[in-house]
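A single chain comes next, written as structure tokens; it is the form predicted alone.
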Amino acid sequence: MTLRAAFQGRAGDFAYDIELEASEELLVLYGHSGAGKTITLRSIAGLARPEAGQIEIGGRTVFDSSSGVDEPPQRRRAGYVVQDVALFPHLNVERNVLIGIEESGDARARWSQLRDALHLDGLDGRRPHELSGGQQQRVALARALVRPTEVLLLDEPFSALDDALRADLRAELTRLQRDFGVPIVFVTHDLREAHLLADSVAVIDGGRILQLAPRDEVFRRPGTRRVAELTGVRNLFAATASGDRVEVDGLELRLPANGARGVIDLGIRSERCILRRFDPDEPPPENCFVGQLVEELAFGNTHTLRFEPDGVGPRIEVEVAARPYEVLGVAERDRWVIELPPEDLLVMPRK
């Protein structure tokens, strides 16, 4: 089964222009609040009407502005789960799941399968207020999948849950995708969740998909500086490249062979920078600079250290995972050597 969508429209003053495709995979739609994630899901589900474009679910055209096709939500075979699960408080679990299709033998067989897959055994007679938050989300997932479903749309369904529950539900969602083989479009603004869940990632900003690619490609090879910023790259500089060399405000580095020339954007993830002790009697090796610690931010067992290179412009941020007493030794030294491995440098066209 596949989902293909290319549509444009407006929601008040907000304009969106979306193009995405997903097959039997879990596609994470990642972006900050207000980027256009929810209007994208609502348009696919038939709850919002784009001004132009096409949407195809499972090989069927459900929206086509040029031919006037606009299938209602109940005929699109799109399961839709939001953060507020909206279970009917006066109905038990089974009736919430099967509402409107209680007499369907196929639906009951599917509910039996989902009950096992989502660990809802023994809960049929309970009402929503008798369930935990995680159980309520499982019931909402079952309700979305118990009908013939060719795409599952999830709008930040786990954001109100604690970390342990979110981890359990993420694992179950991955298993569901494998077992049922439907494309899943999962909306999140949580970078860690995007990395943990995704087969592919669509980075969205300002109502547009900036990059859609397999997860590792998006995180290891962001297509633009904006994609790099949105996916957590903290060290970004304007640079001038020539073959396998690049200059950043007087700091010269070797690049992986990619033929880049002219003005580019150069980046490196903080966790890929390597911190080394400084020996004044030895010049720094290639792709290293000597820097002074200018700031330290502690987050439990992870520390963010910011260094300023001697005699050049940019500041390089280095993140190290260390126990607090180990990091204390960093501040005791005036100078450190920071290595930027060539294979970890991100080269992006300047836009």
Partner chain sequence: MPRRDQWWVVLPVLFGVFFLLPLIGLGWFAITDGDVASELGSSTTWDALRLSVLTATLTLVLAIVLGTPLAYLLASSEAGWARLTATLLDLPLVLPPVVSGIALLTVFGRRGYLGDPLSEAGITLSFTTAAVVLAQLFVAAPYYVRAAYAGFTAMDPRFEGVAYTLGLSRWRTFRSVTLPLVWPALAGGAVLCWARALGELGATLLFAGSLPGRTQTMPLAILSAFESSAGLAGAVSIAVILVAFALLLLVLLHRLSTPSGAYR
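Positions refer to the first chain, counted from 1. These numbers were taken from a predicted model, which means no experiment stands behind them. If you superpose the two forms and keep the largest set of C-alpha atoms that fall within 1.5 Å, you have the rigid core.
Keep in mind the form predicted in complex with its partner chain is missing from the figure; the text below concerns it.
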Exercise for review: Could you tell me which one of Y80, F180, W111, F219 places a heavy atom within 4.5 Å of its partner chain in the model of the complex?
Suggested key: Y80
Review point. Ok, E247, E102, E130, D168: which has a heavy atom sitting within 4.5 Å of its partner chain in the model of the complex?
Key: E102
Review point. Using 4.5 Å between non-hydrogen atoms, is V69 touching its partner chain in the model of the complex?
Key: no
Review point. Though only this chain appears here, would R277 touch its partner chain in the model of the complex if you measure heavy atom gaps against 4.5 Å?
Key: no
Review point. L47: heavy atom within 4.5 Å of its partner chain in the model of the complex?
Key: yes
Review point. Contact between D84 and its partner chain in the model of the complex at 4.5 Å, heavy atoms?
Key: yes
**Study point:** Residues Q74, F88 and R143 all lining its partner chain in the model of the complex, heavy atom within 4.5 Å
**Key:** yes
Check your understanding: in the model of the complex, which of the stretches 248 to 256, 168 to 176, 143 to 151, 182 to 190 has residues with heavy atoms within 4.5 Å of its partner chain?
Key -> 143 to 151
Check your understanding: Core-aligned, does L114 move its Cα 2 Å or more between this form and the one not shown?
Key -> yes
Practice item. Please say whether, between this form and the one not shown, the C-alpha of R221 moves by 2 Å or more once the core is aligned. Key: no
Review point. After the core is overlaid between this form and the one not shown, has the C-alpha of E102 moved by 2 angstroms or more?
Key: yes
